[in-house]
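Presented below, as structure tokens, is a lone chain in the form predicted on its own.
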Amino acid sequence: MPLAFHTDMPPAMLDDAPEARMLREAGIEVRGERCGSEDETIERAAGADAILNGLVPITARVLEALPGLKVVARYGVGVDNVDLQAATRCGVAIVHVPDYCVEEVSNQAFAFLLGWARQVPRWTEMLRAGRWGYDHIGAMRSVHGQTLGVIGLGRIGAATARKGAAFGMEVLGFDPGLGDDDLRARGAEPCTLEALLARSDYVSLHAPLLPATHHLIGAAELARMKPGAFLINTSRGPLVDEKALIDALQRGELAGAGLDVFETEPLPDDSPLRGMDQVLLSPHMGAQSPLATAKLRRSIAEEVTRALRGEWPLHVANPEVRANARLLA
């Protein structure tokens, strides 16, 4: 019986997990533990044919230490915590769910945009304090007729662009992996990064975390942004140089920011971001909803079942592994 090991879920939780039930019904044994280090993952996943993984780093050392491993299933869109080159070298297919949480994350971006533009948190705080007035009218902003810059026009970025157009916004797009015609087809006017930053009232990040995108928005890029602009990051924390962002906010160069992701998670207690009224925060939960979670778990189980039956999965993040894939051996 093939074995699937879950790196983020102890046995008590795994027993009730729908993906575990689906895998067992397909004749696959399922075990799990919370793993906090490479050594724990290597020890506990010994003998596994598949790993179900959320946040644990799947490094070259882990992959090389598990010679029977055929597939790693990543809960989510991004695979930045998996060494894809090492996986390809070892013959391990990395599957993910690229159509997961598209609407949820783009909705989270707009929750930040609308919440800040209409000053919803401030009005709520004022009323809860027993005050009635119009103190914050000067801080309110329009949405229609404003310019939205979308950086990264994959599924989530394209959904964000579509929603911006529905709100009557001019939408600019930057994605070096797409041609101008592709950007227009996804609802955005093609733009260089520099021009997008200079023209946009709202900038929303939806790029993957890669070596080339680490600190994509740093001090120089923040300085190029339109005075009074609002930055939104619902993608990956390290896309933004957080220290540079804090400095820009403290100097008043940006009007504010909406952040679901951070360079260090959980966000440290002493982070200045926690005390900034012009910053809206959420704890890396933009992808979450009962509907999206159910779809994710079902998709993970289906992909692992395909792989352990010797079939090629639908969504492989390292397709070049096919030439030496263990699951096809």
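Note that residue numbering follows the sequence shown and begins at 1. Worth saying up front: this structure is predicted, and the values here are computed from it rather than measured.
The protein also exists as the form predicted in complex with nicotinamide-adenine-dinucleotide; that form is not presented, and the subsequent description refers to it.
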- Is every one of R155, G177 and T234 in contact with nicotinamide-adenine-dinucleotide in the predicted bound form, taking contact as a heavy atom within 4.5 Å? yes
In contact with nicotinamide-adenine-dinucleotide in the predicted bound form (heavy atoms, 4.5 Å), from 218 to 226, 194 to 202, 115 to 123, 93 to 101, is stretch 93 to 101
Interface check vs nicotinamide-adenine-dinucleotide in the predicted bound form: of T213, N107, N81, T147, the one with a heavy atom inside 4.5 Å is T213
Only hit among V30, A48, I58, V261 for heavy atom within 4.5 Å of nicotinamide-adenine-dinucleotide in the predicted bound form is V261
**Asked** Does at least one non-hydrogen atom of H284 fall within 4.5 angstroms of nicotinamide-adenine-dinucleotide in the predicted bound form?
**Response** yes
- Query: Closest heavy atom of M169 to nicotinamide-adenine-dinucleotide in the predicted bound form, within 4.5 Å or not?
  - Reply: no
### Task
Using the partner position in the predicted bound form, report whether A188 sits within 4.5 Å of nicotinamide-adenine-dinucleotide, counting heavy atoms only.
no
Exercise for the section: Using a 4.5 Å heavy atom cut-off, state whether V72 contacts nicotinamide-adenine-dinucleotide in the predicted bound form. Expected result: no
